[in-house]
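The form predicted on its own is given below as one chain in structure tokens.
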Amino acid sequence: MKKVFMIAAMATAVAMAPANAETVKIGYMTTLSGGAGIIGKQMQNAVELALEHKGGKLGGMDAEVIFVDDQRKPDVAKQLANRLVKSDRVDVVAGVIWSNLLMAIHKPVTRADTLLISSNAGPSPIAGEECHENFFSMSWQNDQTPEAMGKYMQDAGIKSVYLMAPNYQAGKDMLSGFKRYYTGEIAGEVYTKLGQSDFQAELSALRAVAPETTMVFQPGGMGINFVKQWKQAGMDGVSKLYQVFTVDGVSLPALKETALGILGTQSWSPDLDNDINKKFVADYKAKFGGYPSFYAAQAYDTIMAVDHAITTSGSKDTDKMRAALAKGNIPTTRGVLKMNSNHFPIQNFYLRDTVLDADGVVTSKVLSTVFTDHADSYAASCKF
């Protein structure tokens, strides 16, 4: 493994090819430093596991992945994207946790006739009017997961809910998606600072309202801090907590039993019963000592998508890979993935509970399927 430094951000190149062989190059952008580095590390682990499973080859071609650390800064992400496309001449730029960062690099990458594959972020503008044929999502459109939670809470007869999310594109999309399917009373709608660690003021305000339920989106370290402070403040006696992307494989090792019984919705779960997912989860646990998160699963699926595109088309040419991905039928940890006209997946969304497994380790399990083959709400506005 060789290490180089690019634009004040760490980049690690994992090379799997001799110099004279045809090589597919992927620039994989994620957050590897700061508090969000825990997410990026899981994604890097999963990418490396996928390459290991594929014997270092994607579509029969030797593979090279260059990992870059965006530091959760849009300006750094944009600089790195330009470097990957212009200097490293990668065939695919992939990864990206945060919607504001994906918005920053979307045009520079797609207009350079390079494929951009998101492993996580799914902002609504890119799904709709600002869509581009060179962009694909291997995760979900931001609104979809909270749409499932909104539908579940609506069907469960919940009369009112207090909403909370960080104040950035994904946070706004999440609450918009929730409200698309939940028609009860919104007792409050609060936007917190992205990266916030102290929620005491927000919890005090919530206590004064005393809503029937609370639904939050606080990903990564924000979720760890939020749930811990919720429990310490005795908020379970004030309101019942529901969540999206707050209690997951990243936060559970820190939250442990604190998170038991908190319901959420998601498109992936470690207990999904298909061969790819079983192997991924088992090998990830064996190699890295714990359950993978959905971030890891989606990163793994991104590499599976590149492999599928090259295998199906017989080429790493952008036009041919794009045509192959647009047809869908991509083998992933979620099963065979369908692709919508705007290049976002059409997939199931599940209600999940937080439980103890047979070894006493906290994980999640599927309780029911909220949506089957669920498409996002913006595809009709996408005109390639």
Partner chain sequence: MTLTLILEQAFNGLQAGVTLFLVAAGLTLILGIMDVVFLAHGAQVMIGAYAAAAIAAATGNFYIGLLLAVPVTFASGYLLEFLLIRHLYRRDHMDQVLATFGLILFFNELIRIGFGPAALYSDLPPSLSGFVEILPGTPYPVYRLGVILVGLACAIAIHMFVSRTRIGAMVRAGANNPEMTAALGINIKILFRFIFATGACFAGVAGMMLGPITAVQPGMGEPHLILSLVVIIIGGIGSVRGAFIAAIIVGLVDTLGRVFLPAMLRLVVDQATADGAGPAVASMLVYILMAVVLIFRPTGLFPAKG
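Because the structure is a prediction, the values reported are computed rather than measured. Residue numbers count along the first chain shown, from 1.
Unshown form predicted in complex with its partner chain; subsequent notes refer to it.
S.K.: If you check in the predicted complex, do K279, A286 and P331 all have a non-hydrogen atom within 4.5 Å of its partner chain?
M.R.: Not one of the three qualifies.
S.K.: Is A233 close enough to touch its partner chain in the predicted complex, meaning at least one heavy atom pair within 4.5 Å?
M.R.: Yes, A233 sits close enough to its partner chain in the predicted complex that at least one of its heavy atoms falls within 4.5 Å.
S.K.: Against its partner chain in the predicted complex, would L272 count as a contact residue? Criterion: heavy atoms within 4.5 Å.
M.R.: Result no; L272 lies far from its partner chain in the predicted complex.
S.K.: Quick one: is M61 in contact with its partner chain in the predicted complex, heavy atoms, 4.5 Å cut-off?
M.R.: Outside the cut-off, so no.
S.K.: Hey, in the predicted complex, is K193 touching its partner chain, heavy atoms inside 4.5 Å?
M.R.: The answer is yes: K193 has a heavy atom within 4.5 Å of its partner chain.
S.K.: Could you tell me which of 334-342, 29-37, 53-61, 351-359 sits within 4.5 Å of its partner chain in the predicted complex, going by non-hydrogen atoms?
M.R.: Looking at the other structure, the answer is 29-37.
S.K.: If you check I224, M304, L163, C131 against its partner chain in the predicted complex, which one has a heavy atom within 4.5 Å?
M.R.: Comparing distances to its partner chain in the predicted complex, the residue within 4.5 Å is I224.
S.K.: Can you work out which of A254, I158, L260, A112 has a heavy atom no more than 4.5 Å from its partner chain in the predicted complex?
M.R.: Contact with its partner chain in the predicted complex is made by A254 alone.
S.K.: Taking heavy atoms and a 4.5 Å limit, what residues of 304-326 are near its partner chain in the predicted complex?
M.R.: Contacts from 304-326: none.
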